[in-house]
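Take a look at this single chain, the form predicted on its own, given in structure tokens.
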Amino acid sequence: MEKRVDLNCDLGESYGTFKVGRDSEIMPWITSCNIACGFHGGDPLTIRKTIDLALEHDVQIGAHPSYPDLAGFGRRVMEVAQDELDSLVKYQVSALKGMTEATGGRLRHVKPHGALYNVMSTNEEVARTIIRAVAAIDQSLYVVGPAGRPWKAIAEEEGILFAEEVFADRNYMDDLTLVPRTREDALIGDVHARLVHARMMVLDGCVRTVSGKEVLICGDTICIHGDHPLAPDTAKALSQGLAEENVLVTSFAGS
């Protein structure tokens, strides 16, 4: 059977005069994007321009909601009641969905950002609240979340589609959680090493953790963080390198 995988990147994270990432250099090499919804990055004009860029390159569009944390780029854990969290997710996803449709596109998935993603990975109540919020907006939307964690089972229980995600630029712990960003070995800082890391997950179905163990993992989509200086080079290397291995690089939700 032909191997296939999606390449996704977190984009549209600039805010006003504060510029994040090199979106126009990344977009030609990926197959789906997660667009910031204004709570950790992404002002209305940036959001619209990112949607336009995605449509120009036929890249699948997703919403990238977060905690309301512009100062911390959405990477700080916040204490939020479940009813407030439900509203936060619905507000952000609905805004991205409306702007995408007004531009002639279609929202295909939702991927939480930063600390919200990490909390959701270990807290079933938070995961269920977010998945239900997405389902209430549109049950045809995919939720994108970490491979090997409980999200998939919760999504299936709630009747919503799920895409398992692996990371090209992040190291893993033995339990398949990401190495915390507070550690020096959290990020993989070399483009070739990122390609080797991703190739192993796609072709061999396993990942070498920071302890040296090889742990089974399965991914429908590979993430590249758009705010890193190496993101454009990484996107190009993955797109070309995986194609050379006869991997079909295509969006997980189809056309």
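All figures in this text were calculated on a predicted structure; none of them were measured in a lab. Quick note: we count residues from 1 along the sequence shown, nothing fancier.
One more form of this protein, predicted in complex with another copy of the chain, exists but is not displayed; see below.
Checklist entry - Going by a heavy atom distance of 4.5 Å, is residue 38 a contact of another copy of the chain in the predicted complex? => result The answer is yes: residue 38 has a heavy atom within 4.5 Å of another copy of the chain.
Item to check | Non-hydrogen atom contact residue 229 with another copy of the chain in the predicted complex at 4.5 angstroms | outcome: Residue 229 lies outside the contact set for another copy of the chain.
Checklist entry - Going by a heavy atom distance of 4.5 Å, is residue 159 a contact of another copy of the chain in the predicted complex? => result Residue 159: no, not in contact with another copy of the chain in the predicted complex.
Item to check | Close approach of residue 23 to another copy of the chain in the predicted complex, 4.5 Å, heavy atom | outcome: So residue 23 does not count as contacting another copy of the chain.
Item to check | Site test, 167, 250 and 254 vs another copy of the chain in the predicted complex, non-hydrogen atom cutoff 4.5 Å | outcome: Judged in the predicted complex, none of 167, 250 and 254 sits within 4.5 Å of another copy of the chain.
Item to check | Contacting member of 94, 122, 177, 140, with respect to another copy of the chain in the predicted complex [4.5 Å, heavy atom] | outcome: After the contact test, the surviving option is 94.
Checklist entry - Looking at 218 to 226, 205 to 213, 182 to 190, 64 to 72, which one sits within 4.5 Å of another copy of the chain in the predicted complex if you count heavy atoms only? => result Contact criterion met by 64 to 72 only.
Checklist entry - Hey, which residues along 75 to 106 are within 4.5 angstroms of another copy of the chain in the predicted complex, non-hydrogen atoms only? => result Result: 75, 76, 77, 78, 79, 80, 83, 84, 86, 87, 88, 90, 91, 94, 95, 98, 99, 102.
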